Every structure is written in structure tokens, then in C-alpha cells.
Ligand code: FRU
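Below you will find one chain, with nothing else, as C-alpha cells; this is the form predicted on its own, and questions on how it binds or moves follow later.
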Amino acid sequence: MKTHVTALCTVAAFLCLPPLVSRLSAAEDVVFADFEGPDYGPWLVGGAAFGKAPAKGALPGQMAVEGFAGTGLVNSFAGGDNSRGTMSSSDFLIQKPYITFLIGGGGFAGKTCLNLVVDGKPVRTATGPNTVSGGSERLEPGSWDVTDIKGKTAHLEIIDDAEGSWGHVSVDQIVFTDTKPVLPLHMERPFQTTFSATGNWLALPVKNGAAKRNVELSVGGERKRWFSIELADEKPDWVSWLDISAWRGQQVELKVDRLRLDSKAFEKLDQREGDPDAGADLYQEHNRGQFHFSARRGWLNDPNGLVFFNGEYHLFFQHNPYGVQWGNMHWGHAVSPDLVHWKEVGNALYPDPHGTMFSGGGLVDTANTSGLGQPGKPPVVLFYTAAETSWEQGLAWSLDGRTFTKLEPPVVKKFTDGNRDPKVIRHEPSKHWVMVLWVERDGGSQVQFLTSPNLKDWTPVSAVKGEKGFLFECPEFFELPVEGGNGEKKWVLQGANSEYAIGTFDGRTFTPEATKLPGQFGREYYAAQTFSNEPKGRRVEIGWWRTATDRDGSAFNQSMSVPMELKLVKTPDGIRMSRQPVEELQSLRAKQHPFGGFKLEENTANPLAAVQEELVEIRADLVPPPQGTVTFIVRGLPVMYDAAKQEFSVDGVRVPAPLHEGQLDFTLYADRTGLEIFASRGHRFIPVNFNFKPDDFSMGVSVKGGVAEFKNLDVYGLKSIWR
């Protein structure tokens, strides 16, 4: 049972007779509410969340509730997580310096909380610890120091105004005391501080795999940044640097929903003036690709807004700056003069009240149809999905390619909660813009077509329904000439897995002629996008290459593919797409190992035995033995071609790769994180993510079942793009 230091007849008697408190000894604790009675007594209860009486533990559908005192407690899980309600105590006079309590459940400020209210406003508040799946229903000790408001009249309120996971709160054993509470150091409490922004960057210490915390930064009462982060209570794995330059000289309020009492995460606020990574050994990590773009810090996925503007290639990308796992979607931003050497230039788009920043496309409004440009300065325009909140399609623009302004409100209202990933192109014959948008409807995929004269006002005009798994997410849409087609052109509609359809387009309706054609044949290549406004008139593609690098305390995760040029080519099966690495990659060649033409027989010496390279390009044209195999060893990894099956085999990936007039051609790029093969005149793109051993640079080639005739073989050692 619960122990009352002060004998009061009932909680009701105490609430109705505030003067009684003044007659208590200063050393005596006062149990204000223990919720042991048959009902809530004088507490005013509204809504359905709290039921009609204190709970005796867990309610139906709830995990075991622990940590409460006695047999009763307040538990707003009555009716489940979606029920709502409030409880308010009678007024009382604050005469002791501390208030202690037990609290659990949801950790949503203002939504699942216990508040101390003075003059109609909450002056103290506490929540449970839980905001994401997992967690515990255990109540933990909490306390407030109310020394500064002693003598004031107050009341307590318990609020459940949340729905969904952890949309409830538990409270018990509210006590007034003169004794300063000593809470266990492992306990977690909300954290709040205000600081003057004197630098450009604020350090956020990260510990991979730690509990996620919700962080908010506000300036002048307006919330500016909000995100979840695996904060390091002690020594971090790495530091995420938050750009606070826009608020220099202003007071910034920093809030964290939960921090350990002994956490050192913000014991000292570390601000930096210049580049906080200056002098750091960046981009040389053992698990970092050396000629595949990866984010300096944090998670990366889909390429977004690929565009050539103001003399630079712009690569935007889905980005979590605060962790190495997916979440907090921003648009990261990098630029390059040559598609090869990339420089990250900060985040272009941040989450806003409409939602997080999901994928989309980019373009240059050369004729200023949007009116967003200035004389001689056409705008670069980005389209994105404001996801997880409004599911609307937004527009942002820039005149300098660095600072972007969002148009309010978003330009396309939602079709369904699954609509996303707008890609916009110009259809010059129709003199209008065309948007392709993925829409999840009736359990399947659909690509919605919309048109606009000015990039701001959009009209739905048609739709293409995808088969199961076909045209799912991140639609890409472009026109290409057919090689050797005497001026013939076709349109390509592609989904995130690179399967595509070829057909015709009249400015409003796409008519497929061939569908569900495979675009890549390897592993973990996704959400590819092509550049608009490409200065050489090429169709250049970059895709997200799922190369997991989130190990050993890594500060980054995932990468992009090499850039490749797309073409349409006539084949015996019809018009098909080919992919070849862009010529600019040849600038990375540091050392050439030419072997020219030769014949390779079984059991002959390895001609590549003397080649030792970490970063490798191989180009080969050969006639394999009709019933034999040719095996390359690339940094210890076997890459085998079976001529009888006309098939590549690499690390469990098997891909048909037909010979052309009995000859095999391929180009292979090997980085620290895997290899990409372009074979059969570019009709077979085979990406294979693979973690090479850091000290194995062995190379080789051998043949079985006959003689392989090499028309040409060149091996190149490559330079890093980061040096």
C-alpha cells in the first residue's frame, strides 16, 4: 500500500481545504493525489481516454504497466491509443519547493503530458518517454522545482490529445515536498536551453544505434528546424553540423524531448565559425567509395533534381543529415563541373509544416514561363513531394543555384496519401510543361500525367496504369532518338526499379508500345534519374546504389552509381535502351596496363598477375571458347562469363549477357563498395554491391574449356575523385 506521511481523511478533503496545507510541518511531505480511490474524486474528467476511475494496471490491448505505486493510477489507454481526454485538479496553493510524480506513456509535448498551470498557462510540464515503436509502459520518477512560484495558486492537468502509437499517458503519486528529489542518472527528462548564435554551425553529437531523440530549434518563438537524431550521451561516433548561420546574433531555443540526466550531449554547446570539417581526413574512410558520390555525413538515397545550371551539374539527393539510417528527409546538394568530381554545398530543402522533403525533379525555366526569373537570369526550378503530412507537390526555385525559395502554397494538391516523386519536362511541340507523378491507387501503381503553361498551375490530363511492381515510384520520362532510326524518336517511361516502357507521347497521353522492359540486371540499383538541360544533348543517368557503409561507427551511408549515358538502339527484339559509362570517367585513369590482343589458353600464366590496383577500370573485347568459361579476378572477387550459357556470374548474381557475332564486350568499374559491369554493347548493366577486402588488390584472368581470343584488354588504375 502507499504510505501517507500526513494523515488526511481523503484527497477530496485536502483539495477542498487549501488552508490545511499551511498548518502542515515544513518537513512533512504531502501526497496530493495517489489515485487509490474508487473514482477520481474532485478531479474534473473530460473525454473518454481516462475512463471513470483509476486503472489497476494495464488496460485491454496494452502492454504490462509497471512502476506505479499501490494499486491504482491514471492511465489514458481506456479505448486505446486513439481516445482523447483531459483531467483537471482543483486549485491549490504552492507552499513547498518541489513537486514529484510518476509518469509514463507517450512523450509528445503538449499532447501526452502532466502540466502545472498558473494564471491559465502551463508553467511546468512533463511527458512520458516514448515517441516511437518499442519502449516500455513503465512509469518513472519525475519532479519540478517550483521555488520561484511558491505562494501562487495553481492546478494540475493531465492531457491526452494524441492518436496513434503511444497516444496515451500514465500518471501516479503526485507529492509536494521540501526535499530536493534525487533522480537516477539513467532517468530521462525533457531538455531545454537558449543560446546566442555566435557561429555558423552547431555540433550535434551522434551515436549510431542510440535511442532516437526529437530535437527542435526555434527563433523568436517560430520553429525553424525539427528532426529525430540518435544523440550521443557520452563519446559520439561522429558529429552532425547543423547550419545556424541564418540566425547569427539571435537567441535560439533548443529543445530535446528526452535526455538522460547525466547526458553530456549539450553540456557544452559547440559552435563553429568556418567549415567545421576543415582539416579532417574526409572521404578517405576505408568503406567510402572513391569514385562514387556519397554524402559527407549522414544517410543518402534517391538522386533528385538532376539538372545542368550555371555551368555546373547539380545533384540533389534524399538526405538525412543527422543519422546513417533513413529519416528526416531533406534534399542534400552537390555540384560538379564534369559529372565526376563532386562538391557538397549544403542542404537545399528542409522539412517544413507541409512535410518532409521526398523525391522529385529539376529543370531550368529558360523562357521564364513561371515568372520566377529575372532578365538574363532564368530560374532553376525544383519539384518535390511534401510527404508524411500534406502529400502535396511543392515548387522551389533559385537564381544562383545555391539558395532556394519555396513557393507557397504547394502547386499540386494530393491525389492519394501515396502520391509522390514529381518529374517535370518540357514538351515543346505543345508549348507546355508535363509532370509525371506516381500515385498509389486501388492497391496498384499509376503514373499520373499533368500539364502546365507556367509550372505553377497544373491540370491532370491522363494516366498510365502499371502492372504489379511495374512503374512503382520515382517515375522518369524522356524522349530519345533511335540510333540508326533515320530521325525516329521514342518516349521512355521508367519506374524506380529501372523497368521501362517505350512508346509515343502527344503532349497529353503516353501510348506504350513495349512495356516491362528490364533496365538493369544487377543488385541494389534504384530510383535512377536523368539530367535535364544536359549541355552536350545527352541523356545522362545516375541512380541510388545501395552500398551499406553504416558499420564501425561510420558517419555516412549509401552512395550513387557512376554516371552513364542512355541510348535507344534497334535490336532483334525491338527498340531497347543501352547504358554506357560517360566519357568523363576516363579522366580518372592514373595508370594504364595495356595488354592489346592475345590468346589465352588453359593452364597458362595469369597475364594480370603483376597488376595491383585498388580502384579499377577494365575494358575487354574477346571471343570466349564456345563451351568454356572466362574468369576475371577483380580484387579477389571472381567475375565469370559462361559462354555456353552466355551468362555473367558475380557474387551470386547471374545475368544473361548475349554475345554479338560471337564476341563479348564489357567495361567494368570496381570501387571499394562494389563493381558495375556494362556488357553486350551496353544492353546489360550489372551493378553488384560488394565489400572488397581493403588489402586485397589481386587481379587475374583465366580460361577453361578452350581458348579465349582477346581482341583487346586494357586495365586502368583509377584516381579518387576526392583528392
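We number the residues from 1 along the sequence you see. Please read these numbers as outputs of a predicted model, since none were measured by experiment.
In what follows, reference is made to the form predicted together with this ligand, a form of this protein that is not presented.
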Just one of 84-92, 415-423, 68-76, 241-249 has heavy atoms within 4.5 Å of this ligand in the model of the complex; which?
415-423
Determine whether any heavy atom of W166 comes within 4.5 Å of a heavy atom of this ligand in the model of the complex, and answer yes or no.
no
Classify N301 as contacting or not contacting this ligand in the model of the complex by the rule of any non-hydrogen atom within 4.5 angstroms, answering yes or no.
yes
My question is simply whether S498 lines the interface with this ligand in the model of the complex - judged by any non-hydrogen atom within 4.5 Å.
no
Quick check on S359: any heavy atom within 4.5 Å of this ligand in the model of the complex?
yes
Name the single residue among Y526, F309, F510, F291 that comes within 4.5 Å of this ligand in the model of the complex, judging by heavy atoms.
Y526
Just give me the single entry in A555, L622, A396, C474 that has a non-hydrogen atom within 4.5 angstroms of this ligand in the model of the complex.
C474
For a quick check, can you give me the residues of 314-334 that have a heavy atom within 4.5 Å of this ligand in the model of the complex?
Q318, W326, M329
